[in-house]
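Okay, so here's just one chain, in C-alpha cells, the form predicted alone.
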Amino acid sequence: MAITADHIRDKLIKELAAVHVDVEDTSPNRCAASYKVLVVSSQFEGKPLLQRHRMVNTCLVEELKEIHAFEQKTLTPEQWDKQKSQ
C-alpha cells in the first residue's frame, strides 16, 4: 500500500470526524517514511492525551506498519481555536 499524506488526511477526517487535519511528510527525501500530523476532532473532548493518541493509532493501524516515525498533536476544536488566536 502506498501511503500518502492525502491518504492519511482523508482517513483521519472520515474515521475521527476531524474538522481539521494537517499532515506533513517529514522524511528527508519525502519518501513517506516519516509523518507529523495535527488532528482536530470533537471526539477528543474529555479524553486524556494518551487516549487521543491511541484513537489516532487505531485509525491508522495498517499505515503505521509502513511508517518509521509518526509524530502527532491532537486537539479539540476549542483547543484549536485558542491555539490559533495566540
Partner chain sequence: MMKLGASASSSASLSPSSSFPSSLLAELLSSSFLFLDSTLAFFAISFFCLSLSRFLLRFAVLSSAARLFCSTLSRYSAKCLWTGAAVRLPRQPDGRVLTASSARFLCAAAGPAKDLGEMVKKDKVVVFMKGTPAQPLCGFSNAVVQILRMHGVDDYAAYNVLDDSELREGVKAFSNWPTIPQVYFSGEFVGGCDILLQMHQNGDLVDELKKLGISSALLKAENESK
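These numbers were taken from a predicted model, which means no experiment stands behind them. Residue numbers count along the first chain shown, from 1.
What follows is about the form predicted in complex with the partner chain, which we do not show.
- Only one of the listed residues (Glu71, Glu62, Asp10, Glu78) places a non-hydrogen atom within 4.5 angstroms of the partner chain in the predicted complex, and that residue is Glu71.
- Although the partner is absent here, Lys47 lies well away from the partner chain in the predicted complex, with no heavy atom inside 4.5 Å.
- Proximity of Asn57 to the partner chain in the predicted complex falls within the 4.5 Å heavy atom cutoff.
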